[in-house]
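The form predicted alone is given below as one chain in structure tokens.
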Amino acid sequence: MLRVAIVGTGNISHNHIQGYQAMGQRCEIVALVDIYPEKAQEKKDRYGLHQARVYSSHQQMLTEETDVDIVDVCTPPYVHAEISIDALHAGKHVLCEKPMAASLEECDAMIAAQKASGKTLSIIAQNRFTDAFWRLKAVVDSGLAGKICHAQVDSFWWRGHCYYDLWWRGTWEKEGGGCTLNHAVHHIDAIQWMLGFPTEVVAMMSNVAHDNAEVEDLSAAIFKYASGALTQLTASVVHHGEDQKIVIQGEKARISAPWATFASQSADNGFPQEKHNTQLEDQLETLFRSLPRLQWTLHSGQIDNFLSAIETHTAPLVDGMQGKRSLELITAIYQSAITRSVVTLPLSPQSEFYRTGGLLARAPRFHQKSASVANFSEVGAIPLGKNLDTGAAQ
């Protein structure tokens, strides 16, 4: 049985705790760590983790809990790298919440620590473990829709004004960024998983509705690929209804999450015929429906994959390099928006935006953070956006 320590017991830790508990005898939570120990104690009581010990620092936990196998990092982003590297150096496997780190330089340090330790490092990208995205990728990979021409990614979220009152949110130093980094990361990871890594990025960003935050609450970006294909991505926490979707236009058909397909046919003059290609649509529909549903989804799905990687000595689906790719795209969006330029990928390690503190030094402060609440009331597992299988909120 793998022994788990959870570091950071804020709202996202609910999803992790529930995921580990769903795995039965494969693992056991033995330690809970938070700089506010009362939060860790509350999780211990709520989930009946009677054998778990509570700590106020990850350093103390690593010193005293020598038989811990897994350190699960659920803290604010600015300490992800420090905690993960300390845990890897102590010989622990690490599952780290998104975003992976505060800079690409820190990502490299985490990957180096993983390689030196020989342990497993995985970065949370729970939307890969949804039937909507899992099946959509399989359809893309099948080639039935033809060469990919365009993708539309709507990472639409809504957060109230007080969302940024929490002490670590709304600052470049502690949160690392706004909606592009902390919300759209899910969809950015998904589209780079499905379509690969682009060669160029151009973007703009703004803050239109949260005057208590330094960071952006709205951004728009275009990715260009070597094939000439384009992706348009909007990241937002100002969209009522959180109408999230990915729409991919192939040369032969349109496919999307939530699932839908349409295949136009050309008339002699190039205009679309009223009658579309129902034969291809039926093929796509059959393929999509034939794919088995996942046994575990979202955080539980990723935790299952992570545990399996440890148990079988194989790589997890989302390793350190995959986590870094998503952050590299996000960094390129910020660089383009700040410098008002087209950014070429991959980013150079010599770039100021690659290095720790580089983005912090150049980032615009849209507003001064005007409140700092130590803790919000607990509401259970936080909403993770739309269930793209049905369109309903998760």
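One rule holds for the numbers: they count along the sequence shown, beginning at 1. Computed from a predicted structure; not experimentally measured.
Not on display, but discussed next: the form predicted in complex with a small molecule.
At the 4.5 Å threshold, heavy atoms of P76 reach the small molecule in the predicted bound form. For the chain shown alone, I12 is a contact residue for the small molecule in the predicted bound form, at least one non-hydrogen atom being within 4.5 angstroms. The small molecule in the predicted bound form comes within 4.5 Å of a heavy atom belonging to D34. Contact between V7 and the small molecule in the predicted bound form is found at the 4.5 Å heavy atom cutoff.
Relative to the small molecule in the predicted bound form, residues A221, S256 and S326 are all farther than 4.5 Å at every heavy atom.
Residues of just one listed stretch (143 to 151, 278 to 286, 210 to 218, 121 to 129) have heavy atoms within 4.5 Å of the small molecule in the predicted bound form: 121 to 129. The contact with the small molecule in the predicted bound form, taken as any heavy atom within 4.5 Å, belongs to E97 out of E97, D86, E106, D304.
Interface residue among W134, F197, F262, W167, judged by heavy atoms within 4.5 Å of the small molecule in the predicted bound form: W167.
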